[in-house]
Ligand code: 5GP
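Just one chain is shown here, as structure tokens, and it is the form predicted alone.
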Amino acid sequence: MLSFPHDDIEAFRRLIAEGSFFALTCHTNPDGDALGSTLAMAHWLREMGKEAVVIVPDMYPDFLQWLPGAQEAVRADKYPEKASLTLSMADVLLCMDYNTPSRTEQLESFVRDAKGKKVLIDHHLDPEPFCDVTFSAPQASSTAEIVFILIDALGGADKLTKAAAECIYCGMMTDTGAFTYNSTRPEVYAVISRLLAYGIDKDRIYRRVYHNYSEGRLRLIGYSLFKKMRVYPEHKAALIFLSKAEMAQFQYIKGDTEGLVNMPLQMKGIVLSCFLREDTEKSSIRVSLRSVGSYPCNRFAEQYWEGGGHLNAAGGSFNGTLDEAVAHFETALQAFCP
């Protein structure tokens, strides 16, 4: 089971006891783990008698709208003044599922300048030392798993509600591809067994996430695999790339390309998959990378895409056109020797 230094646990306990107003933030483009872990911690803090406000930098995928408490989260892109005021007033700021404030993009300066105590809860590599207390565990399946471990270590598992347990399970499930990767530690399933005791319906959660897509998404996936996938057998790699215009043809909504980057890895012999898409809101290219085995896609992201992540799951960005990004990928693939 994951464990953290006693002094850090006690410091966190004191912050919870002394604070009354908590702000919780996560990274931009929140995924199931970012949103799930953040909402779960907020639910628990409210059960502890605290005021807790969740602030997300921008919109989360449509298939996560059902998460308990998601609709009450403050979107900083829509309500920047409310978001910045909340961060400035918080006694404690919880930084969830990111290792550096730059991953919150437009919230970065407000996170850094916040006067309250800061606590980092995250499972990404190399956390920046900007918080008063840091709980970092790259070996964890997800930040949601860390949330459960921390609550348990604080003796607060009896205050965990079914809603919070659903959020934790969703975070763990989505960050492991429904427990198909990064989930070999027996402790992961020990946590799941305890979450089931809170009455969650794991099959219903799965359906809500993975069987909750639009017709447009399915057609977009078919188009992407048939028309926009390139395979590089000599490098055991594959690439999918989509423009904003192409996504618009299929009535794209946020989350419609979720999981697309994993699909080329189903091909025999492919160990690296890259997905490039034009950002629908900014003039840049978003980069998603997945790999299997020992292929370090996090190093690939760091060296060529201004990003990072985990051994088998990473991401980054590229400033340029989609065609330039494709050419950059092909050049980088030639040069990168894992």
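Sequential numbering from 1, following the sequence displayed. These figures come from a predicted structure and were not determined experimentally.
Below, we refer to the form predicted together with guanosine-5'-monophosphate (5GP), which is not included among the displayed structures.
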Considering guanosine-5'-monophosphate (5GP) in the predicted bound form, find the one stretch among 39-47, 303-311, 265-273, 65-73 with heavy atoms no farther than 4.5 Å from it. 303-311
Using heavy atoms only and a 4.5 Å cut-off, decide whether all three of P61, R217 and K254 touch guanosine-5'-monophosphate (5GP) in the predicted bound form. no
Does G316 reach guanosine-5'-monophosphate (5GP) in the predicted bound form, with heavy atoms at most 4.5 Å apart? yes
Within 4.5 Å, heavy atoms only: does S288 come near guanosine-5'-monophosphate (5GP) in the predicted bound form? yes
Do H124 and guanosine-5'-monophosphate (5GP) come within 4.5 Å of each other in the predicted bound form, heavy atoms counted? yes
Wondering, does R103 line up within 4.5 Å of guanosine-5'-monophosphate (5GP) in the predicted bound form on heavy atoms? yes
Taking guanosine-5'-monophosphate (5GP) in the predicted bound form, which residues along 47-73 bring a heavy atom to within 4.5 Å of it? none
